[in-house]
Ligand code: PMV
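Given as C-alpha cells, the chain that follows is alone and in the form predicted on its own.
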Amino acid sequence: MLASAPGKVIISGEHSVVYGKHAIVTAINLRCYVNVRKANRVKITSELGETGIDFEVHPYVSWAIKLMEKRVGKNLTPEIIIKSDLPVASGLGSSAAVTVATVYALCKEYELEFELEDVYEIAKEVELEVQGKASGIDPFVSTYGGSWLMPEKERFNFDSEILLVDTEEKGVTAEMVRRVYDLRKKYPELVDEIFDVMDIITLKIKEALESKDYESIFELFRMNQSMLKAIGVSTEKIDKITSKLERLGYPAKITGAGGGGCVLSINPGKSKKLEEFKVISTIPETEGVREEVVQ
C-alpha cells in the first residue's frame, strides 16, 4: 500500500509556538512516499540505508511501528520503502511527512479502522517520543494539508509562490528545540518577551499574506529573522543568505527549527535570477495524506 504526505513550511512562529504562541504554516507540494506491505520481518529502506527497527537511523518510522503495535495489541512486521521529494533536516517537515505517510499506509495495509484524527494523534506521539518536546504542527499539516493559523487550527487563503533556499547545512530539530529550551530556562523573562514579539509579528504576517502586501511582508520577515537570531537558531550562513536575498528584493527568514535547513522567501512578483542559490520553488498544497496508485 502506497501513501504520501506533504511537507510543510512554517512561515512564522518557529519555536514560539512550542510555548503557546501563534504560528502560520502551510503544506507544500513536495511529498514523502511510503510503500508498506505485510512481511515476516521488519525492513525499512530509505536513502539513509536499510534497517529493521532502528531508533538511530529510522527513528520516526520505528516509533510509528511500535506505537501502532501498542494501539492494535499485536506485532507488525512490515516491509517499508521510503522515497521523498523532501530533503532531510531541511526544516520542511520531512520527519512528520514520513511519519504520517507510514501510519496511514500501515492502517490501510493491515485493514485497521481509523480516522485522519487517529493518524494525526499517533504521528504526534511519535514526534514527542523522538524530540521530547514538540508543538504537533508538522504532523497536523502533513495529515490535513492546507494553510493554517495555529493553535486555533484556522484555515486561511494563501497562494503565493514560495522560494526555499537550501543552506546546505543540516539543522537537527531536537537539538534546536533543546537549545531554545535551555536559553529560556536561563533567561525566562527575556526569552518570553521575545516570544511575545514573535507572536505579534506572526499575526501581522498572516494579514499581509492574505492581502499580498509584499512591502509589509518584507519588513515583518526581517523583524522575525532578528528574533530567531536572538534565540540562537540562526547561523552565519543563514544570516548571509537572508542579507543577499533582501538586497535582491526578496523577504527572507528561517523556516523550521533553524541551525541550517532552508531559508524561506515569498516571491513578491520579481523575476530576478537567483542562480547563486540552490532554490526550490514550491506552492501551498491543499491536500494532506492520501493513498497513491502503485505504478
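Note that residue numbering follows the sequence shown and begins at 1. A quick note: this is a predicted structure, and the numbers were derived from the prediction, not measured.
If you look for the form predicted in complex with the ligand, you will not find it shown, but the lines that follow are about it.
Proximity of Gly256 to the ligand in the predicted bound form falls within the 4.5 Å heavy atom cutoff.
Residue contact check for Val191: none of its heavy atoms lie within 4.5 Å of the ligand in the predicted bound form. Of the heavy atoms in Val18, some are within 4.5 Å of the ligand in the predicted bound form. Among heavy atoms of Ile162, none comes within 4.5 Å of the ligand in the predicted bound form. When you look in the predicted bound form, the only residue of Thr167, Ser84, Thr173, Gln225 with a non-hydrogen atom within 4.5 Å of the ligand is Thr173. For the options Thr143, Ser135, Ser147, Thr202, the one in contact with the ligand in the predicted bound form, meaning a heavy atom within 4.5 Å, is Ser135. Partner proximity in the predicted bound form, defined as non-hydrogen atoms within 4.5 angstroms of the ligand, places exactly one of 42 to 50, 63 to 71, 256 to 264, 240 to 248 at the interface: 256 to 264. In this stretch, 101 to 118, not one residue has a heavy atom within 4.5 Å of the ligand in the predicted bound form; the partner itself is omitted from this view.
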